[in-house]
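What follows is a single chain, given as structure tokens, in the form predicted on its own.
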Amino acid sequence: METRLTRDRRELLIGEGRPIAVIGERINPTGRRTLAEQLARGEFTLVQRDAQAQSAAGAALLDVNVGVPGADQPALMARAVRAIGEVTDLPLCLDSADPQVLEAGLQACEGIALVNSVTGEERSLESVLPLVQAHQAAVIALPMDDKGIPATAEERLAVAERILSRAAALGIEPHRVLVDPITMAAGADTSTAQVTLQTIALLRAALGVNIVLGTSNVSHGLPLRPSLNATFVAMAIALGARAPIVNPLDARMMETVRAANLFLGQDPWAMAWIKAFRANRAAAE
């Protein structure tokens, strides 16, 4: 199963047999005061800088979140999409819990975007899925519902199945629904990472869908976060995750992804691995 995303004339295919598609997470004002302040003023210098840096570091698509409290977020999303388009043609992942913000981004985006996200909650299903179908977009499904986040992999699978069923009823094909198994802080409950990994395996076996992996939550509150994140991503890729949401400027993370591509047969003759090594060495010198 392949998910196709586009921006202008660039195409990205996500799926088994394709290179791991890194979703760059940095265009998000959460915990980034300077970015939040710029967005509140309607400035996009840092947004464009982040877009260029993540593209250069190897991101395959860019997550775009403009969640600044009190701001006109639909207008900000549309302007951010256009500003990013001035510096890179990478496909976009439009990130908001507000359907109006998502719609503004979809209207401004030329190509097939990825919507982040829909849940199994009734209000989310009713408001987000029609937008996805109207714009022929793809969507990330979070397997949680009105009862909250399920505690087991089997329960998360059941919610994912319900989301896919509702999507299919609107004409949204399974290849346009990527499932995020939900990552929680391992420092608060060490069993949660195992549940996430079990969910990936179940989703791949039962549904064959492509898997997006929100990553950074797993190491929240713990030391040596880059090592934990990279190890978690490597384990998730081995089970079938194909699109991790990470910081592409984290050299350890990108080395992990490139190594995974090599070992999965997506880097013939290790040329991408060697090219990245030479580029990093030249930059250090």
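When you see a residue number, it is the position in the sequence shown, counting from 1. A quick note: this is a predicted structure, and the numbers were derived from the prediction, not measured.
The form predicted together with a further copy of the same chain is left out here; the points below concern that form.
With the partner omitted from this view, the residue of Arg32, Arg252, Arg49, Arg41 that lies near a further copy of the same chain in the predicted bound form is Arg252 [heavy atom within 4.5 Å]. Proximity to a further copy of the same chain in the predicted bound form, defined as a heavy atom within 4.5 Å, singles out one entry of Val218, Ala60, Ile27, Val246, which is Val218.
The partner is not drawn, yet in the predicted bound form one stretch among 185-193, 108-116, 68-76, 139-147 has residues with heavy atoms inside 4.5 Å of a further copy of the same chain: 185-193. In the predicted bound form, Leu197 approaches a further copy of the same chain with a heavy atom inside 4.5 Å. The closest non-hydrogen atom of Thr45 lies beyond 4.5 Å of a further copy of the same chain in the predicted bound form. Contact annotation: Ala56 falls outside 4.5 Å of a further copy of the same chain in the predicted bound form, judged by heavy atom distances.
At least one heavy atom of Ala270 is located within 4.5 Å of a further copy of the same chain in the predicted bound form. Residues of 24-48 placing a heavy atom within 4.5 Å of a further copy of the same chain in the predicted bound form: none.
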